[in-house]
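Just the one chain here, laid out as structure tokens, in the form predicted alone.
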Amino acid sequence: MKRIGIGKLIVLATTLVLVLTSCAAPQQTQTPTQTASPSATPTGKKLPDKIVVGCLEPLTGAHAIFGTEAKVGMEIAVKHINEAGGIQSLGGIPLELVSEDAGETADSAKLGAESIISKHHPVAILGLYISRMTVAASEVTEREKVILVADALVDSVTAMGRQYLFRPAPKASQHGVTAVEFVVQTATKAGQPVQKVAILNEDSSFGRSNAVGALQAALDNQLTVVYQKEYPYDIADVSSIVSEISAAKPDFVVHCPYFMDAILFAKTFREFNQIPKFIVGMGACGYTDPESIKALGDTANYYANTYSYNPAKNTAQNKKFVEDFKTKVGHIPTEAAGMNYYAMWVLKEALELSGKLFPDDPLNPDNLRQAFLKLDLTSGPAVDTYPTNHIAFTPTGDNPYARAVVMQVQNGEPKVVWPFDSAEAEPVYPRPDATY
């Protein structure tokens, strides 16, 4: 056997010690306190302390009268949601409302959308009210994958293929249908069936969508359209139109104005003493809102209009909203306020459902979108403040169960008069001041 020198033995021994020490090192450094606990492992994305929701409404300019009250409706809804425990499926996270002025043009609405998203990163945005502004802003929300819960009514808003846009309220053509069907049913109930109708609208896509619905309903009810007119929304003299309507002798007039034109028409009907048997507005602009009644005084009496919100719905939640709104603003909620109050509750329900369906990432826009599409609400605060008792969404973002109500000014106060089964007053029909 070959002998190994003492020097080599020392080297071998040292090497062996180093190897053994190296192999044993992990066991020597591991202690029970360093063992990872399974419960400490994240199961999904970290949730924020607050869920930011954007209010993008026309707060200045020509349409501010609608936007400012829409914002109040959102503010009250957020307050009520947070008081009720926030988003409970997400551990009670509260909502936080941030606002941005959409201005009065498509360009300003688009800039507003870009601003509110870059500054606040909301999970959803409510508002816009004006359809052309909604179309422009939705280009931004679609690109950024931010849910837009729109309160604009023009039919085409949900016909553009937007994936992240939802509209709980009834679309404009449904308002036109509602206006005609209300008069047909009311006249029949009064024993004075109607046969002839005049259809009138301002020349925006909003007015046109309402008129299309009214025309279809007139045809469906076998009515004769004896007069139809589209006029510029900023019209300054309507005397010739009023005279033409009088000459056509319709049984009733269906009209889609905005605001100033409604006041102008009502005053001209009165001034010329050419007042049809009945006049009903469609689309909730003009005639029965608080500002129109204030501007018209006694002339506002007997005018009717369709509404996307029912301030007289007899539920505890709706009464609470109406009372809080009246305390803050001084009158019952307008359509803009009501639409955005129930829209915020719809968003709340979608967030709740997303938390249940997608607990690992509930605020992901695609997950939240899926939650909207899976909603099928027949009870709860959203339904309690909605014109009907059912809220769901088609793939285009519309609620197939949407329906408008009708309000009529009686003794200076707007009253819900249709549907009959939920009305707070009987409609006054025909107008007692009618001249033909």
Partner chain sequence: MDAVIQLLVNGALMGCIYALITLGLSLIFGVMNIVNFAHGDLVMISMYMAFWMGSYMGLDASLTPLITFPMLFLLGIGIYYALIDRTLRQKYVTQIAVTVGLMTFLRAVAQLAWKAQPRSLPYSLISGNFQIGSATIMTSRLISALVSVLVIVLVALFLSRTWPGRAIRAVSDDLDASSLVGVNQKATYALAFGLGSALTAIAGGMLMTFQQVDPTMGLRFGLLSWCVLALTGLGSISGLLISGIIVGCAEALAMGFWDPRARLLVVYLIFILVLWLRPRGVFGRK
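Positions refer to the first chain, counted from 1. Predicted, not measured: the structure shown is a model, and the values here were computed from it.
Heads up, the form predicted together with the partner chain isn't pictured, but that's what we're talking about next.
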* To do: Kindly indicate whether 208, 229 and 234 are, all three, within 4.5 angstroms of the partner chain in the predicted bound form, using heavy atoms.
  => yes
* Asked: Looking at 364, 239, 224, 185, which is the one with a non-hydrogen atom within 4.5 Å of the partner chain in the predicted bound form?
  -> 239
* Structure fact -> With the partner omitted here, the residue among 79, 267, 319, 249 that in the predicted bound form has a heavy atom within 4.5 Å of the partner chain is 267
* **Contact test in the predicted bound form: residue 323 vs the partner chain, heavy atoms, 4.5 Å** => no
* Asked: Do residue 299 and the partner chain share at least one heavy atom pair within 4.5 Å in the predicted bound form?
  -> yes
* Asked: Taking heavy atoms only, is residue 61 within 4.5 angstroms of the partner chain in the predicted bound form?
  -> yes
* Can residue 243 be called a contact residue for the partner chain in the predicted bound form at 4.5 Å between heavy atoms? -> yes
* **Region of this chain that lies against the partner chain in the predicted bound form, out of 174 to 182, 188 to 196, 288 to 296, 83 to 91 [heavy atom, 4.5 Å]** => 288 to 296
